[in-house]
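Only one chain comes next, encoded as structure tokens, the form predicted on its own.
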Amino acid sequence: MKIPSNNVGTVVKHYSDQIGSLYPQKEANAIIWLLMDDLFEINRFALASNPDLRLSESELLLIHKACKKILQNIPVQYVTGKSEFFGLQFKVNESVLIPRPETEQLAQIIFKELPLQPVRILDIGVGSGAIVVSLKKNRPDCILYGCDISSTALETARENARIHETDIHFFECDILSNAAVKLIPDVDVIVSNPPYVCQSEKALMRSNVLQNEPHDALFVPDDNPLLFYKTITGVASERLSSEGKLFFEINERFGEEVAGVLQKYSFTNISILKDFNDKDRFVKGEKE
């Protein structure tokens, strides 16, 4: 379908209507404006200031190609190659999960609980590096580590660390392997947002997530949903310093069960925290 005009307002409405076939209209509008800002640094204010603002033929081709990818169910963050987290821009691609607002909330919880003195922090399943880079950027005095089973995810994390000029120690590690505990350094804080979506919950997820984001970072077997929590808590019981803290992002269905895992390993001051949607989303505890 040919765009009736190269006027920015017309272009935005045209593609917003098309994207609205996949997303609620409000979200579709947000996606098209995100693309306009990313490609041309044009936002709503610019259009309001200059209603006659127009795109060139080459610019029309760029926005057309970008929207075509959106209509192929590719998340906008993978189309632009970046996502915002903790006020910073992070590179993302199909090897890492797109950072979620809930995970940003987890980073905020950790940041608020860090002591004044420098501490050593490890993120298990570091992905894009969003948590560790954000914490290091805000607490440069702390020592940050990040590990992941995926070498391509680690490449992305290292690139994000370079972009934000943060010195972080990354290493490859399969946390479920018997050798994992030997690779984990002694630290004061461990955080993890491990795979926690049950296979049976796939039907509840958006197709753009299922078709694009790495399944190894998302899903756990229905018959062992606490697999990563049990393993990581066991590692944390050996590698955390006395009074060291463990933070998890969790499946909202298993708050009490994850808390029970921490109790089994003699963690204290265990709490189940809710996200901004009032769902059980985080569990934290302290090593004796």
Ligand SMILES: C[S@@+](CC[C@H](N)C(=O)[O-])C[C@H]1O[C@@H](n2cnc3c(N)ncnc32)[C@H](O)[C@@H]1O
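Just count from 1 along the sequence shown to find any residue number. All figures in this text were calculated on a predicted structure; none of them were measured in a lab.
Although not depicted, the form predicted in complex with the named molecule is the subject of the following passage.
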Tell me, please, which stretch of 75 to 83, 159 to 167, 201 to 209, 172 to 180 lies within 4.5 angstroms of the named molecule in the predicted complex when heavy atoms are compared?
172 to 180
Answer for G146 alone: is it within 4.5 Å of the named molecule in the predicted complex, judged on heavy atom distances?
no
Taking the shortest heavy atom distance, is N193 within 4.5 Å of the named molecule in the predicted complex?
yes
Taking heavy atoms and a 4.5 Å cut-off, does F254 contact the named molecule in the predicted complex?
no
Taking 4.5 angstroms as the cut-off for heavy atoms, does D216 touch the named molecule in the predicted complex?
yes
Using the arrangement in the predicted complex, list in sequence order the residues of 256 to 279 with any heavy atom within 4.5 angstroms of the named molecule.
none
